[in-house]
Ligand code: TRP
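What follows is one chain in structure tokens, specifically the form predicted alone.
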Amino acid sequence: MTTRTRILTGITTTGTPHLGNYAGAIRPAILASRDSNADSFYFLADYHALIKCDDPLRIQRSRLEIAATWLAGGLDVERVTFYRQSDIPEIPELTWLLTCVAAKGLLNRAHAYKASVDKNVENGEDPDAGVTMGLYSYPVLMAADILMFNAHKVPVGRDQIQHVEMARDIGQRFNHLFGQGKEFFTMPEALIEESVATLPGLDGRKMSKSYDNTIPLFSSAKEMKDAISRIVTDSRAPGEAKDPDNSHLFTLFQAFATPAQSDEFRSELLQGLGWGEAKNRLFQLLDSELGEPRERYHQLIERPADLEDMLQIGAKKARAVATPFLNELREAVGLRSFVAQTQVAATTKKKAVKGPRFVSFREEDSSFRFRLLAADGEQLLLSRNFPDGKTAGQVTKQLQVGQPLDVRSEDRSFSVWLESECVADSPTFADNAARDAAIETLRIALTPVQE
């Protein structure tokens, strides 16, 4: 069976996406997500946004705009896992576990931190003036984003390669300290898309809000046309040959045109097409390409509840991976249940052997639940809510007495019933074969050991 390549991409929520973001990152990522061999994770990096921005309204608006942009651009939430970083509480917890093994010397070498220090020194200030721990430990949070889901490939710009390398270093350190022969974390690789061009802005420099030279993506057609009219061109008059290879207007056109359209536009420029008409051709091309997505974008912006529902579904999918994995990591570093330790001590005389175990916990509404984890930490069951810990404990005991299990399959999951009442549910598995294998593991896990 071929293993699907897991690809993870984060989008920092500090601004409104523009044409350069769309062509350079959003569009290629959406196209890549349609590959049947890709298991794609896309997230709104709103914890990262807090490092760069202290304006709550801007962050909130950006989260909405960026989510709507990805969905309007054609991201299929049925095919991918699309979520907000801040909806996954396992991320900050893993960040702390990784912080405890990350070398300070490694973080001292991070580009963003060094750039801030160098700027302060150049201005005659204290080297760490204005440097927050958020900025300093940014690479650890990014490592947690990547390692939480064991991503194989992380598409990044060249300025971000270092962060993927640091994630590898930190993950290897954790594996070495706590793995005992097991590799908890997959070593990620930076994926550099050489074919994705950096789009020029209105003045020919890289399109960026910091240069105030962007072309809006999903604002009105009039605003887009007005922005295109401000593109800087040379002084050649209509009828004079233009040089397409030194025209950022042609570069923009080429990023959205078919090869045949590009060839025709190039020929017309060489034959003396006026810049005014050339800008009009660019507007018509972009308006044709972005008209339908623009309409979908504004529909989504006006219905934030729909966006919220989709992101919550995505968070549930992401946590189905993150929660059992973090439990395994907690166990590895020694954050273990006292009850589980007592049970293990009572059933082994030589060395401790990890077996299936129940983990009880209390929800925010004061109800009680339990999980059944397999020996490798995989979650087999998550119980329904019980009014008190005693009831939850009685159910776990009933499940362990050796009576035939009432297991009911449904699609790619199953549930366990006691006395005509559903008491626990499984995660959703990749396919029915994986579900059936988990049911067999469950039956073995709940079979009493014969003395």
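Throughout, we count residues from 1 along the sequence that is shown. If you're wondering where the values come from, they're calculated on a predicted model, not measured in any experiment.
Keep in mind that the form predicted in complex with tryptophan is missing from the display, and what follows is about it.
The stretch from 240-248, 129-137, 359-367, 150-158 that comes within 4.5 Å of tryptophan in the predicted bound form, counting heavy atoms only, is 150-158. When contacts are defined as a non-hydrogen atom within 4.5 Å, none of P17, A68 and Y297 contacts tryptophan in the predicted bound form.
Scanning V416, A45, I26, L399 against tryptophan in the predicted bound form with a 4.5 Å heavy atom cut-off leaves one residue, A45. Taking K52, R384, R58, R412 one by one, only a single residue has any non-hydrogen atom within 4.5 Å of tryptophan in the predicted bound form, and it is K52. In the predicted bound form, P427 stays away from tryptophan, with no heavy atom inside 4.5 Å.
In the predicted bound form, I146 approaches tryptophan with a heavy atom inside 4.5 Å. A residue is said to contact a partner when one of its heavy atoms sits within 4.5 Å of a partner heavy atom; N21 fails this definition for tryptophan in the predicted bound form, lying far away. The closest heavy atom approach of M142 to tryptophan in the predicted bound form falls within 4.5 Å.
Applying a 4.5 Å heavy atom cutoff to tryptophan in the predicted bound form picks out G10, T12 from 10-31, in order along the sequence.
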